[in-house]
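Single chain ahead, by itself, as structure tokens, in the form predicted on its own.
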Amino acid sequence: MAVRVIVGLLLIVAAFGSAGRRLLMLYRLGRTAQPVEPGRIRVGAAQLRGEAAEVLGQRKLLTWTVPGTAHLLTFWGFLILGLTLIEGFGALVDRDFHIPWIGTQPWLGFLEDFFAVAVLLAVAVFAGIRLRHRPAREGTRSRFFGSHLGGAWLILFMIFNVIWTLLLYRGAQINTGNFPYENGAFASAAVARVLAPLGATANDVIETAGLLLALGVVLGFLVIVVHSKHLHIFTAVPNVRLSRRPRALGALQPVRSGGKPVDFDDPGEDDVIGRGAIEDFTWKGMLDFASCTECGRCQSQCPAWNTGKPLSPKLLIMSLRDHALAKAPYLLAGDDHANVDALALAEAQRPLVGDDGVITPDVLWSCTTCGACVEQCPVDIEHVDHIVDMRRYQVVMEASFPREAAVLLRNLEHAGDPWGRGAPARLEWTAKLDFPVRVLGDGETLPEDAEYLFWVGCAGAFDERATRTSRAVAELLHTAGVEFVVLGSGETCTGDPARRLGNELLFQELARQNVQTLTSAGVRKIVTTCAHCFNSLGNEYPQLGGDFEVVHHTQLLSRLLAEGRLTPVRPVEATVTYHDPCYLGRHNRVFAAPRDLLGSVAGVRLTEPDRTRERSFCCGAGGARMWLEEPLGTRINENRTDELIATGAEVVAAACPYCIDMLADGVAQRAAEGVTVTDVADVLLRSVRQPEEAS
């Protein structure tokens, strides 16, 4: 027993000393970061549901059935097998140790052995997946491309060692009579039968050696984990707990400097807009970096990466993490850098964004902010927030952005729309309507009989394809007897493209103007056809005091159908596929309404593309990329168009003017005869119109 105690204590001291030193360094590094936003550390029902669903239930992981099931078994295996650790440490001082009250129950012995075997099977599955999808075989198509492959294999090997050493000493315990369970532990019993012929003395030795070996492997595993990307084993739980709820999509976070909101009317001299250095991120951001599992699910869904661009959400997070660790000695030295090693000093001099920086401009500006990465991440890393924060610094603090973005920003600043058409042209779309559209004049308030303000949006007013949608929606509302008004020249861009591009100053200017206009007009309910306007008005304007009830036109039209105020009368004989706009579907969870509209039309045969709903593939226009060139890789809109055409549909329907433009261009590029791209409202209107009207 003395050998057990002495060797066991030495192992414990060595492992906990090494791991503790590492964890202390990581804690101190996190302390160099910025404070988190208010509300992050609040414990509420949403946070508890998140933990239950995503940590205990492994919800996101299980959307990928095979690897998700393997991870579920491994996760719960580690939880259950934690009891064997208690038994093991107890056995160091008492060979007959068992956990009080439940420690001899057969069901517990069975449970421990069941998960031991399950974890072994899971390790085999993980190994098979890694071999099948190894980067050497699949190149950049592999979701493991760029991951630390050696470290991943080492972890799998260590998990394998944890299990076989556990079963070894448990089998010997059975033969020496020191096992807590009389039956139930089927795998341990099987090992015992193999060891039994070796005799009592040999089993005594194997029991002690196996116990010390098992504890040594576990403690070694602990040291490896805190020094590797598998740190997520410890950081994933708090990271999920501290993540934005229900998800880090929809609204972008307001700009804060030093943990306080930036007053854009009178910003402080020391205020930093966005992230220009690794220490400008919040400590939750640092936790994000530490929590990356390098699983590559984000990478596999990223439209930029899948079309040959340099942006991989996974590699971006890994780069930030590696940079933070490399710069750590510099950051932890405070103001005295005399003893900081040369490598850390060199790392401290690297710009966060730049051609020789941690993140290159091509990576930063390739993002469409579609949110596919955030949607997939099993540990709730907030990639889009980090990317936009870095863009904010580049645009506001460095005046550095893609050359072609200057035209967009100038038009927004001077004309209030991306095309530079200006306020006087905002009502031109109404010219082809056979009924008058009521316009709210300057200084007027919403008439009592007007239920909705129809927010037309810049595309809905100026883009040729989108103006058809505006007219279709206006005609449907008119038919249903819904009283609405428009702002006309009083409307200006919501600021969405400016904000996604990183120009927070311009967004603030545009958004505040709109909030003032809408508030002074007494507007309470808004309907819009643009998914980006829908997101800004509904999710981001409350940050500026604009509290409105905002509905997308598909939601309102769906309700009018349900109430019988719209009645489809003419069949539309066509095979239709629906493309989920990112800012309507993934960001705002509006999936049913557009499909309800299409489903209400007789003759429509709805077919879904392979990537749909939460996993829909971006059209390439979000994140202000609608107005940027796309010189790298292949075009995102053509990739998506190919997938939609492959459904065999004659009509590609969407519910966002950005998407319709991008997909229509894609269809034109592919010269797909007989395929049209239109808004779902247009399909509904064809059916609602009486035959004589349609002709």
Partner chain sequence: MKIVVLVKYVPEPTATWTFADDHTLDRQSVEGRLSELDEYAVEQALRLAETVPGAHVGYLTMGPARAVEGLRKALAMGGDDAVHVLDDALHGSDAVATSLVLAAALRRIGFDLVLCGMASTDAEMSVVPVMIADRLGLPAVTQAAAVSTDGSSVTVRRDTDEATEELAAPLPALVSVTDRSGDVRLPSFRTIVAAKKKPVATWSVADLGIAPEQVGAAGAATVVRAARPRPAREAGTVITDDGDAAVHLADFLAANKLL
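These numbers were taken from a predicted model, which means no experiment stands behind them. Positions refer to the first chain, counted from 1.
If you look for the form predicted in complex with the partner chain, you will not find it shown, but the lines that follow are about it.
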Contact stretch among 490-498, 267-275, 101-109, 517-525 - heavy atom within 4.5 Å of the partner chain in the predicted complex: 267-275
Which listed residue (151, 357, 422, 146) meets the criterion of a heavy atom within 4.5 Å of the partner chain in the predicted complex? 422
Which listed residue (396, 168, 437, 477) meets the criterion of a heavy atom within 4.5 Å of the partner chain in the predicted complex? 396
Within a 4.5 Å heavy atom cut-off, is residue 616 in contact with the partner chain in the predicted complex? no
Closest heavy atom of residue 401 to the partner chain in the predicted complex, within 4.5 Å or not? yes
Are any of the heavy atoms in residue 132 no more than 4.5 Å from a heavy atom of the partner chain in the predicted complex? no
Is there a non-hydrogen atom of residue 260 within 4.5 angstroms of a non-hydrogen atom of the partner chain in the predicted complex? no
Going by heavy atoms, what in 484-516 lies within 4.5 angstroms of the partner chain in the predicted complex? 503, 505
